[in-house]
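The chain below stands alone and is given in C-alpha cells; this is the form predicted alone.
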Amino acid sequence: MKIKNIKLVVFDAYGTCFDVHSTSSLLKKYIGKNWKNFSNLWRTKQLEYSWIRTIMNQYVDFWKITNDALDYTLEVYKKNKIKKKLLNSYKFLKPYSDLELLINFLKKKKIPRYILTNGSSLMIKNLLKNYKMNKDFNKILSVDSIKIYKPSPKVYKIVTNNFKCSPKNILFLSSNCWDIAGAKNFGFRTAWINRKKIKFDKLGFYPDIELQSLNNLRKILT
C-alpha cells in the first residue's frame, strides 16, 4: 500500500516518538521484578486521568496529571519515597531508535513535521532539547492551547487551524489505538505504529495502515 498526497505529517509524542517505559533501568532498581506492572499502571492512570478530567471539564496540564498518576501508583506499591527520582526521569524519556531515520526521510522530501501532544509545550521542548532534536519538527502543538485532551475532535482541529489544508492530506502517526481512532474520526489519514503487535481497539474507526516501526513508513509514503 502507498500513501499519496500527504502535505503534512503529524506525530503523537508519548509512546510514538518517546518511549514512556524507557525509565526501566530506574524502575528495576527501585521497584524490582514488578517494574513492568508499575510502569503500565502509571501510564494507564495517566491516560485515565486525562480522559476523566476532560469529561469533568476540569483541565490541569499533563505534568500535573503525570504527577497525580505517579502518586496513585506509588501508593499501590507502597514506594512513596522514590517519587522525586521517578518523576524527574519523565523529563528524560528516550526517543525511539526508528524516529531519526523517518525524520531525515521527511526532511529530504520537504514534508513538514508537527507534534500534536497531550503534553505541555514545555515538556516536549525540553525532551527535544535533551536529545538535540530541536530542529526536527516545524511546530509543537499542545492541548494546553484549548485545555482539553485527545481524542476530542477539538484537539485535532488545532492542526488544521495551524496548517491550512484538507485533513485528508495530513498523515497522523500514533502508537495509541484511541489516538488513531480520534484522528480518523476527525478525517486525518492515519498510520498506527503497533510496536507491541497488539489488537486494535473496537472503536468503530481504524487506521489506514498498520506498521511495526516508524521506519516502515519510508517504504509507503510517496
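Bear in mind the structure is a predicted one, so any value in this text is a computation, not a measurement. Residues carry their position along the shown sequence, with the first being 1.
Another form, the form predicted in complex with another copy of the chain, is not on view; read the next lines as being about it.
- In the predicted complex, L87 stays away from another copy of the chain, with no heavy atom inside 4.5 Å.
- Not displayed here, another copy of the chain is approached by T54 to within 4.5 Å at the level of heavy atoms in the predicted complex.
- Heavy atoms of V159 never reach within 4.5 Å of another copy of the chain in the predicted complex, leaving it off the interface.
- Taking the partner from elsewhere, G187 is found to have every heavy atom lying beyond 4.5 Å of another copy of the chain in the predicted complex.
- Candidate site formed by K45, Y149 and G182: every one of these residues places a non-hydrogen atom within 4.5 angstroms of another copy of the chain in the predicted complex.
- Stretch 197-205 is the contacting one of 18-26, 210-218, 5-13, 197-205, since its residues have non-hydrogen atoms within 4.5 Å of another copy of the chain in the predicted complex.
- For the options F163, Y30, W63, W178, the one in contact with another copy of the chain in the predicted complex, meaning a heavy atom within 4.5 Å, is W178.
- Out of the listed residues V76, L101, L122, I111, V76 is the one that sits within 4.5 Å of another copy of the chain in the predicted complex by at least one heavy atom.
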